[in-house]
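So this first bit is one chain, no partners, the form predicted on its own, shown in structure tokens.
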């Protein structure tokens, strides 16, 4: 069984990005993966901003990423890029924290104009962290994500392509796992 960390970089308490992460996590669990949720907003702000990797909660976040076979990195788009909160977390990970892992970038935003944030802002950082397999990412418009009483719903027309991307990511994680065990 593969272990996947789903990392939400949203700073908001009620967040469509976090809701999307919950939806993706459920799909991955149903496919037989062990999934750990990591919400950057739940980490202690002082330790995160000071890059205090000795803080127990920060060290636990780093450990989760290090032990994962795959990582989903999700963020809302702010000013044509991923969130500053996500950047703070990514900055304190070891230089090659994503080496040997499959990584799926997911981005949410209010306009289709923000879709380029995946390839021009987020993908280079994921690659710089050593990810040698960043699968094609996916952008979800905020209006296609509904949160009602804690239940997450995606617009059915837009859920199907997202599910294909998530399933392809899961398959890539599964295919890579035997290679890592052999090394």
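Positions refer to the first chain, counted from 1. What you see is a predicted model, and the numbers here were worked out from it, not measured in a lab.
Not on display, but discussed next: the form predicted in complex with a small molecule.
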Check your understanding: So in the model of the complex, does residue 23 come within 4.5 Å of the small molecule, heavy atom to heavy atom?
Key -> no
Review point. Does any heavy atom of residue 109 come within 4.5 Å of a heavy atom of the small molecule in the model of the complex?
Key: yes
Check your understanding: Looking in the model of the complex, any heavy atom of residue 77 within 4.5 Å of the small molecule?
Key -> yes
Exercise for review: Answer for residue 12 alone: is it within 4.5 Å of the small molecule in the model of the complex, judged on heavy atom distances?
Suggested key: yes
